[in-house]
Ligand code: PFF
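Only one chain comes next, encoded as structure tokens, the form predicted on its own.
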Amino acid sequence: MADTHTPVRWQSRRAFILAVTGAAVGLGNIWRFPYITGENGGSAFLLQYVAFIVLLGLPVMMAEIMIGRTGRAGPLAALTQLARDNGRSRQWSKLAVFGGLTLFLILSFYAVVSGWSLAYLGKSINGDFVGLAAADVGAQFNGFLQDLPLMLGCHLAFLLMTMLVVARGVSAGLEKLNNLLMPLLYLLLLLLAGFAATTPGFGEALHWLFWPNPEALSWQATLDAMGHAFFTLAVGACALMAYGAYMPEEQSLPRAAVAVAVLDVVVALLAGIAIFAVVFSHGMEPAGGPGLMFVTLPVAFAEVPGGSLWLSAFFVLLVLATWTSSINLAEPLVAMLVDKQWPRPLAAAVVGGCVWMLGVLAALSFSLLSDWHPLGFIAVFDGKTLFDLLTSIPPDLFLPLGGLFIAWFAARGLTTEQIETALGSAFMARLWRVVVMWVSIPMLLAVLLITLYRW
């Protein structure tokens, strides 16, 4: 198929894996995984999460990359072209629009929380948490949420960091930054996990995370585990189609997808071990909610030798992870506009500006808009602010729903020859199709239907 939309490629197989891992590794692994694991009983959540990664996340990731690699274009152009060439309905192009909406909603709260990490990096370097009691650290976090100039300024600064890189394009922006920052991120995380191994709560953290705890099983834990499997792999919003379009011809798609999934799970586990070892060392509550990192960890690290240094290193890690992830999540939105002949700098500016405006409303959920409940007329969403809705509906519902349609289109909309070419062999193509059609899609449908019924 002629490469008319995407003349660029990742310069190496390593660059592609780092790029997709950069899209996957971020707030989902280091911020969201620990706090929803804490809220859902530790191992009761973790085991389901890993199962969903293997049975749902990995097959759908391969489907998403496959579509981009076959179409050699951004999500909208690839779906439109493949549907036309293979005699499928042109309505499939709307899947890219739905994916773009999902990415837009996720990126809007992503940039807000990433702005928090910028602010807390500065606070930790300045030693603002030294000698503070837990109540004082909590009050400081609440005060930060009310400090609109600081919070909105950090939100804007983070988006500028993101969109300036995206505006430079693949090889000049994304690839160079991923090659530099992702290895540094892994190094910092290993250092923090090594530090956690020296704490008295290390054994308790391992037991809580890995020892089976069937009493803690719940339907909410199952839903959270499925949604998080998609969120943490950046799957279900057509984001990885853009990276498949840039994938080198000689690269093995199955091997690359497995490598990314393994790295993603390892990062989440290391982050969880590092956080919960410190939390348990000081007798704190693991179910600390979204503020787990920003309230609990400053208190915990303040009580250990060199705590300010370790806390600063942790927030450096968080900033790097969220930066690379937000860059890689913004790229598909920009790519869809570039496919429509927009200049890349203009596309990046428009996407960044729109994300910033919605993010401002989300940030105000903690102050001026705390009493605004946009979907309060629906019982299950009553009392939820805009920030609550953005951090739950897109990851837990939109991503699995998008993944369902992506998997169906790849399995039924692509030809057997296209699937075999993408996966490298007829055997891999048959195996992947069987798993997707008889495991992934039925499981996705079942969980989504039961969730909607419960709502």
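The model shown is predicted, which means the values in this text are computed figures rather than measured ones. Each residue number is its position in the shown sequence, starting from 1.
FYI, the form predicted in complex with 4-fluoro-L-phenylalanine isn't displayed, but the following is about it.
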ask   = So which stretch, 225 to 233, 84 to 92, 244 to 252, 187 to 195, is the one near 4-fluoro-L-phenylalanine in the model of the complex (non-hydrogen atoms, 4.5 Å)?
value = 225 to 233
Every residue of 103, 110 and 329 near 4-fluoro-L-phenylalanine in the model of the complex, heavy atom within 4.5 Å = yes
key: Listed residue (404, 46, 27, 423) with a non-hydrogen atom within 4.5 angstroms of 4-fluoro-L-phenylalanine in the model of the complex   = 27
request  = Report whether the minimum heavy atom distance between residue 335 and 4-fluoro-L-phenylalanine in the model of the complex is within 4.5 Å.
outcome  = no
